[in-house]
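Just one chain follows, in the form predicted alone, and it is written as structure tokens.
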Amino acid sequence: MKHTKRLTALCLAGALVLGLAACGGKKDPESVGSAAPGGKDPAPAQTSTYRQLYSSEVETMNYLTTTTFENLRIPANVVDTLIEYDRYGVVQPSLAESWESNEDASEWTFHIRKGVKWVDKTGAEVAEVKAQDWVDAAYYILDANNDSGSEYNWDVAQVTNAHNYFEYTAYLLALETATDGVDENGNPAKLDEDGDVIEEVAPVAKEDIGVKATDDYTLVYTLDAPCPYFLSMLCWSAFMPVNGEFLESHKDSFGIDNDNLLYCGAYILSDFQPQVQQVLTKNPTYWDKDNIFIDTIQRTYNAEANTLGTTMFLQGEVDEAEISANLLSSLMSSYSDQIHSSRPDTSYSYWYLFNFDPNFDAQYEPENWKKAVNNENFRLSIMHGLDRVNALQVYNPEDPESELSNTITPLAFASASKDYAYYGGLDKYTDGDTFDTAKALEYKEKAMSELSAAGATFPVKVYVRYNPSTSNWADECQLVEQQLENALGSDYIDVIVEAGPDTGFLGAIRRTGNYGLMKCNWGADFSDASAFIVDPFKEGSSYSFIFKSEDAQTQAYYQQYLELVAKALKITDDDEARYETFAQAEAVLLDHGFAIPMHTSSKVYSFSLLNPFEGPYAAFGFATYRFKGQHLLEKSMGMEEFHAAYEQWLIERDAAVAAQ
């Protein structure tokens, strides 16, 4: 059957409320790559080549294994997905012309567009895109031998036997290097390299995975549980197609360069010279080529792109240049009519986390930190003592308040009858500000009394870490150190800021608990209230390690959070109840000071000959990386034009969503 209204409503989540296209509906030619907001066509440029600089080379273009945005910039433009998002965030048919789900959204059937071709880097046709291409991709992604990070998405979607097959292949892989030994009872067992027993896993055949090509143009996904937001997961690498014969013939070389890829998207990677250039050219066989308005994307490598980009733009050598925060004010004074910010982006959420399993050097007093971090009044004193606007000046000196995010799940990311951030008691955060020096000092007084009785010493050393390769993070930490110590007093805390390694930072610092307080982030892979508050805080997560706390009160709050999450995950037929319950779980984390929300993806100010409201839009996946539907402008938009276009875009978006 077609989607019910309830399923449609649940799929309306996403940044600034995303709409769901009617299943089987035709693509509206005005919905992608048409006029700029306001109904006026952008003035056409004399060239159809868009010139960019880039400073970091891709590690791989094997989109079946990589999950990093930088590695997916090219695949997002050269391989299409089952569905796509238009510039208003409304779902449109893509390689699937139509689709339907069963009553409870546990089975999804897609009807593949006929006549779409896989081509090589010259544009020569190699094969037709067929339903089996998604099945072959699944077999590859879910085989542990291929070291893919995308099996996570299949777990979240609960595709039947996806997890079981991955676990079985991981078990077989472990056996290849296993040694013979005995278990704790003296029984024969296989041991891994650490001497731990390898638990036997029941066999699962790849054909048992819940993805089937019932004929050349019909693809069916079967899930273990209802997943009303399944469509929103499909604009990500985990659910991209691959030609199985080509993949098998190229094996480990798949995706290493443009000779080892096939293309079925808007562009072809016609030239790929690492640390020289990447050239994307319009795919002449593309099924929707009338909505591709830029013929060539010319990306030139320059290790100093962040430094030289603005000068090169002003000299007419490139068509885009991001502006660093330290240059923004000075350039605004001279070029305000050409500088604009990015469209609001809620795809990533950033928050400060307290670490409950400190694994850092004795000089930073990890045992004393354990006492402090398990004290709710201590955590709340930090939360209310942190002037977030002051810290965010390093990213946006022009308008730091606009960067603030008051909840873990960003405002305007998900919505049922109202925005998620107004459910479950979150409204007091959404419409307020946690920074309150008087309140912070009240919590400080209580914390000092309680911690002194517990044997803690003062000042408590607050060990803050940052990645030196991340722009402005060091400056933010320095501001946080100065501001917190001034607000709360050096008799209470001693904030110690220290850089981590610029490579392997997550493995060395966050995942090992080598910090006391640190800003962490999470990106949404799909459109649902669960996207931000489940995985980072679940048992076994490498974020904050709350589950490892031995404090009874901390564990009581954490169990309350877990119970609410478990309850919410089971609600799939009532979007109001689902969002209310997830919000209650998030409120537990905020009410008891386990996390301090900071900001979403920071605004990027730039010179650019692209209209920021014209390209595909979604708060998850890689839709915003696509050039489809975009024209070149003669002149970069200024902030006055930007604000006018944004207001018009909001009006048009609301109309587009209402029309579904």
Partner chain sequence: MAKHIFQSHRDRVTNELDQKLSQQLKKELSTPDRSSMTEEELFSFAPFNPDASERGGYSNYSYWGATIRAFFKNKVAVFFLLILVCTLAFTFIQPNLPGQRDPILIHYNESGRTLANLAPGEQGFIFGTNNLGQDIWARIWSGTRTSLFIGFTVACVEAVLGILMGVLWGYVRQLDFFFTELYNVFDNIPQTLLLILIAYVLNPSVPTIIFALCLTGWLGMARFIRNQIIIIRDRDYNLASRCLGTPTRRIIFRNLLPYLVSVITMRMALAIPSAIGNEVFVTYIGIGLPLEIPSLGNLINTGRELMTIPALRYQLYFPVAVLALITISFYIIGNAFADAADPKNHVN
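Note that the rigid core is defined as the largest set of C-alphas that superpose within 1.5 Å between two forms. If you're wondering where the values come from, they're calculated on a predicted model, not measured in any experiment. Residue numbers count along the first chain shown, from 1.
There is also a form predicted together with the partner chain; it is not shown, and the following applies to it.
The stretch among 583-591, 449-457, 227-235, 327-335 whose residues place heavy atoms within 4.5 Å of the partner chain in the predicted complex is 327-335. Among residues of the shown chain, residue 497 is one whose heavy atoms approach the partner chain to within 4.5 Å in the predicted complex. Under a 4.5 angstroms non-hydrogen atom cutoff, the partner chain in the predicted complex has residue 400 among its neighbouring residues.
None of the heavy atoms of residue 259 is located within 4.5 Å of the partner chain in the predicted complex. Although the partner is absent here, residue 181 is not a contact residue: none of its heavy atoms lies within 4.5 angstroms of the partner chain in the predicted complex. Of the listed positions (215, 125, 539, 304), a single one reaches within 4.5 angstroms of the partner chain by any non-hydrogen atom in the predicted complex, namely 304. For the candidate set 550, 200, 502, 290, a heavy atom within 4.5 Å of the partner chain in the predicted complex is found for exactly one residue, namely 502. Annotation: in the predicted complex, residues 109, 112 and 164 none come within 4.5 Å of the partner chain through any heavy atom.
Heavy atoms closer than or equal to 4.5 Å to the partner chain in the predicted complex belong, across 472-489, to the residues 474, 475, 478, 479, 482, ordered by sequence position. For residue 119, the Cα coordinates differ by under 2 angstroms between this form and the one not shown after the core has been superposed. Shown in the overlay between this form and the one not shown, fitted on the rigid core, is a CA shift at residue 510 of 2 Å or greater. Once the cores line up, the CA of residue 263 ends up less than 2 angstroms apart between this form and the one not shown.
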